[in-house]
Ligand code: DOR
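Heads up, the chain below is alone and in the form predicted alone; it's given as structure tokens.
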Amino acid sequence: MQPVSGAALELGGQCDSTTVMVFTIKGGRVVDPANGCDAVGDVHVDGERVADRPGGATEAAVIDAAGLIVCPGLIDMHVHLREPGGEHKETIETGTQAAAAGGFATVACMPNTSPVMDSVETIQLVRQRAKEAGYATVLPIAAITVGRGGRDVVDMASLCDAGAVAFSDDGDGVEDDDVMLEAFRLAAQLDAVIIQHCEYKALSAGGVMHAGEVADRLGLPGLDPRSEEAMIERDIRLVRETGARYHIAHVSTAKAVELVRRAKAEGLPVTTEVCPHHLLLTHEACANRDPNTKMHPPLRSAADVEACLTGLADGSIDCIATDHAPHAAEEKSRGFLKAPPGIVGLETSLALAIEAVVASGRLSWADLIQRMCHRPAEILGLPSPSLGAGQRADITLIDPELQWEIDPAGMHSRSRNMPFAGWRVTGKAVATVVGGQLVYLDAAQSSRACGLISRLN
């Protein structure tokens, strides 16, 4: 077997695709919910697959994972990679580098690009550029309507054939009832999932933050939570009529969580996600008018945060997604009223989720991995992630005790817009394997990973 390039791995770079990877991840805490496993053990990798025994090569590499959590590669089903058209904010290469550094082996990217991902050609372009970058698997999400204009439903069948895993007009909700009904009917025929950005613009009415006492105090226009909740209510009625699979993006209000809970109790195919910032921050974070606290949907009240935490714990909320939304510094510097909403999150999501739900005792490690890996896969119709023999070797190694400070300047993303700069957090992905290739290694941060390079050389 050819040796793995330690220098490339230290930089988090790509491995030579011609190199056959044979290695054992030894002595880690293997957390694999698909197999009901949470125990110290070894994981063997032979080429692109997990193996049931060590590879035959006598010089096969060994990764000493003592003290680390070893789990299937994390999946983020809601990211904005900006390419094509927004490369000054992010590219597929920098976005997937950030994903690998955050422990994500797979990301699903939203279609609000330029041109919009509403054609076979654009879907193919994104897939090809992701393959060339090589840091993570990228799954394109196609638009629901042509140009995300809210009027004409796209040719869903051809886009599914081209590789689209879902449909969304993210950034805008589809407001016309007849258009949405047609989209649900087509999606039901294809067993495709619709991901809805739930917002009626007439109700959000130009709001820039949560409508409430903080907005009133600051004299800023408030964004009414009913704009989110009313569209969810409408869509659930249409799901009841069509049977289509329906996923609510970035849920943020207590009533929205309750609407999902009731839909699930009724047996409807309704799922949802929550972002780490909606689990940790309230609208009070906007009090200093920092544009990095401006997001969409906005940071809500403490009661809404508690409802999201409870919903995630009881299964009403299915998974955690980042809504990774890069913006250039000059765009965010326009002030709270004019700055675009959104924050980057791929490299902080895991640590923030650990703080929100594991450190607080609301979820176990197995629960967290289920919500950051298995449920996104199920919702998108992907094979169940697993570390069982024969499965694709997408693997994340996490140092659960690593304490570090969030520093936007050190991130891999092209943009730095986030409200968490300077936060001290615990827990970090220190290595990411995608299809048997070690695409990221953070030996500088984690003393427990420092031995990896020497063992691989």
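Quick caveat: nothing in here was measured; it's all calculated off a predicted structure. Numbering starts at 1 and follows the sequence shown.
Quick note: we don't show the form predicted together with this ligand, though the next part is all about it.
Engineer: With a cut-off of 4.5 Å between heavy atoms, is P84 one of the residues that contacts this ligand in the predicted bound form?
Structural biologist: Judged by the heavy-atom cut-off of 4.5 Å, P84 is well away from this ligand in the predicted bound form.
Engineer: Would T253 sit within 4.5 Å of this ligand in the predicted bound form, counting heavy atoms only?
Structural biologist: No, T253 sits far enough from this ligand in the predicted bound form that none of its heavy atoms falls within 4.5 Å.
Engineer: Is the gap between I92 and this ligand in the predicted bound form 4.5 Å or less for some heavy atom pair?
Structural biologist: Contact with this ligand, no.
Engineer: Is there a heavy atom of M295 no more than 4.5 Å from a heavy atom of this ligand in the predicted bound form?
Structural biologist: So M295 counts as contacting this ligand.
Engineer: So which of 320 to 328, 224 to 232, 350 to 358, 258 to 266 is the stretch with heavy atoms within 4.5 Å of this ligand in the predicted bound form?
Structural biologist: It is 320 to 328 that comes within 4.5 Å of the partner.
Engineer: Only one of H210, H197, H374, R245 comes within 4.5 Å of this ligand in the predicted bound form by heavy atoms, so just point that one out.
Structural biologist: Only one option qualifies, and that one is H197.
Engineer: Considering G171, G150, G163, G134, which brings a non-hydrogen atom within 4.5 Å of this ligand in the predicted bound form?
Structural biologist: Result of the distance check: G171.
Engineer: Taking this ligand in the predicted bound form, which residues along 341 to 362 bring a heavy atom to within 4.5 Å of it?
Structural biologist: Sequence-ordered list: P341, G342.
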